[in-house]
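This document opens with one chain alone, in structure tokens, the form predicted on its own.
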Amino acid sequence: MAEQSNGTLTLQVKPSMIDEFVKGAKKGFYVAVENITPAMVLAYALILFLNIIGVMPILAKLLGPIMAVFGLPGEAMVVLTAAFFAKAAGCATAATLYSQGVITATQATILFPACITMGTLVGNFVRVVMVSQTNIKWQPLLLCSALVDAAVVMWLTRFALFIMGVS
């Protein structure tokens, strides 16, 4: 493709399919290294820390009745807490709990949309609400709306799985 600017003729060569593939692969690698891997390490460390200090069984007992509404064990609250800070951390926490046998694949499926819905809530809240100087009386409502969204999507996912015969 030829392009003329300032009286000179420049030639732009369309990148080859292999160049585009390598460019995409590099981008995917950097996403994995910079975003997903730290979240997985955070999730693993969080669960390990909670197990070492003995908080996980307490969470399971205290939050079990609340999480049972969504068909989840009490330990699943750790997933939502991690998702509160980063989507990838919530998903990685769910994967870790699944690999440890704490939650089932169905329960991980129920948790996934909630991680996406409320993921990175703290960062986004600071980035958008605090920076835009939203009236302070509306800030708790804005924060809670994401939590309500997560609860609704967990219930809807559970209902959809029930309709599909997955339990």
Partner chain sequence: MAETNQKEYKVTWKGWLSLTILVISLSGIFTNANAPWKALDFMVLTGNFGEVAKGIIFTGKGGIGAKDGFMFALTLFPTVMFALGCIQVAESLGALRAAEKIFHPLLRPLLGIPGVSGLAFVSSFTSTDVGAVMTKELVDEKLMTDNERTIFAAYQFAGSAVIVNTFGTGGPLLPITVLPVGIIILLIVIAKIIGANMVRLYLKWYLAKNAVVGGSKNG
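All values derive from a computational prediction rather than experimental measurement. Under this definition, the rigid core comprises the largest set of C-alpha atoms superposing within 1.5 Å between the forms. Positions refer to the first chain, counted from 1.
From this point on, the text means the form predicted together with its partner chain, which you will not see here.
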Is Val128 one of the residues lying within 4.5 Å of its partner chain in the model of the complex, judged by heavy atom distances? yes
Using the partner position in the model of the complex, report whether Phe112 sits within 4.5 Å of its partner chain, counting heavy atoms only. yes
Going by a heavy atom distance of 4.5 Å, is Ala94 a contact of its partner chain in the model of the complex? yes
Heavy atom to heavy atom, is Lys137 within 4.5 Å of its partner chain in the model of the complex? yes
Answer key, its partner chain contact in the model of the complex at 4.5 Å (heavy atoms) among Ala105, Ile53, Ala68, Ile58: the residue is Ala105
Stretch 119 to 154: residues contacting its partner chain in the model of the complex, 4.5 Å heavy atom cut-off: Leu121, Asn124, Phe125, Arg127, Val128, Val129, Val131, Ser132, Gln133, Thr134, Asn135, Lys137, Trp138, Leu141, Leu142, Leu143, Ser145, Ala146, Val148, Asp149, Val152, Val153
Once you overlay the rigid core, does the Cα of Leu63 travel 2 Å or further between this form and the one not shown? no
Large Cα shift (2 Å or above) at Gly101 between this form and the one not shown, core-fitted: no
Using a superposition on the rigid core, decide whether the Cα position of Leu156 changes by 2 angstroms or more between this form and the one not shown. no
Sense of CA distance change between Gln139 and Leu62 in the model of the complex, threshold 3 Å: farther
